[in-house]
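One chain is shown next in structure tokens, namely the form predicted on its own.
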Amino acid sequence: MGVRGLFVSSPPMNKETTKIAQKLLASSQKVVIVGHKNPDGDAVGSCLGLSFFLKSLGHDTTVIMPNDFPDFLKWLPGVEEIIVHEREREASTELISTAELVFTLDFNSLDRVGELQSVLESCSAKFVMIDHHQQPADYAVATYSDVKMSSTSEMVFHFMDALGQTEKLSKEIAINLYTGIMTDTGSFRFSSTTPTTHRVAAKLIEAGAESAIINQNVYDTNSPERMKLLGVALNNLVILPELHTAYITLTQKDLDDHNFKKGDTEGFVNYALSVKGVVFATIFIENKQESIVKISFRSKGNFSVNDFARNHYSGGGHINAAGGKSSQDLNKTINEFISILPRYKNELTDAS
């Protein structure tokens, strides 16, 4: 028996979405599960967790990521079967073009998958979206969207619950979903962490997710170069106390000098947010290969970095965590950012 009804404080899906999902999964399907570009712990964990679940129901599943993901996630169960589009374009294109059902996880618009966008837009499969970002696009026949949810990985558990299939919760599913929840909640300290989130985490631990080992595998595998790069980032920290804001800059040279690998700057912006009195933190990372500056925003309280990113930096995300980019050089990007901040002085003061 499953555990439906246990999480009544956070309804998993409405009845209509549940019925559509049940109908789509009633017979064996060829399924592709896609995460967003620059996959993080939640994208990888939710996709792998869902893949193991759908396989247990008799479906033929493949997980495809637009590009590579950090090494600290490459121990996860099932990770060796992930197809990375930037390395295997022909294989991933063929899999998507012949799929009967495509699940898109942890993103709300097809422009979040880079070069995969045109492949997905041209395929004939039916789409299911599971995501917790604001303002989801309307491309799926079934959309499970909840912006108050801690993570897409938590939503995958609720998806299983809505289908009455939590008895399928295996150790492999549990490890992947726990990893996604843990990383997207900042180890359960962000405001999106609810009592229900902790109850889900408890069920995952009961199913075999060993929290201490998962924490160690994700957080205690830093290279010496990454730790030294963190030192550079902290040395570059600038605090604007009157605006309750702090920002970090990293140049391409900073990255190159420390043998930068994907994921090495994960979490750096949170150090700026941890400064007393700061409610708005930003990290600017120069990327000369793409001729952009990548930006991550974090905030406390009710200051919406999702709105800030959408209004100024072609980005978005959540109220307290979002991303964006700038096509200007690093210095111009920072100067523009500083010039924009006074417009938000009242909001930043109120949130402090």
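Heads up: residue numbers just count along the shown sequence, starting at 1. Since the model is a prediction, treat every value here as computed from it, not as a measurement.
Heads up, the form predicted together with a small molecule isn't pictured, but that's what we're talking about next.
Student: Tell me, yes or no, whether Lys30 is in contact with the small molecule in the model of the complex, where a contact means a heavy atom of each within 4.5 Å.
Tutor: Close contact is absent here: in the model of the complex, Lys30 is far from the small molecule, nothing within 4.5 Å, heavy atoms only.
Student: Is there a heavy atom of Ala322 lying 4.5 Å or less from a heavy atom of the small molecule in the model of the complex?
Tutor: Close contact exists here: in the model of the complex, Ala322 approaches the small molecule to within 4.5 Å, heavy atoms only.
Student: Test of understanding: in the model of the complex, would Ser296 fall inside 4.5 Å of the small molecule by heavy atoms?
Tutor: Flag for Ser296 set to yes.
Student: Taking 4.5 angstroms as the cut-off for heavy atoms, does Pro66 touch the small molecule in the model of the complex?
Tutor: Taking the distances in the model of the complex, the answer for Pro66 is no, it never comes within 4.5 Å of the small molecule.
Student: Check each of Lys203, His85, Arg112, Arg226 and return the one that places a heavy atom within 4.5 angstroms of the small molecule in the model of the complex.
Tutor: Residue within 4.5 Å of the partner: Arg112.
Student: Counting only non-hydrogen atoms, which stretch in 22-30, 312-320, 48-56, 66-74 is within 4.5 Å of the small molecule in the model of the complex?
Tutor: Result of the contact check: 312-320.
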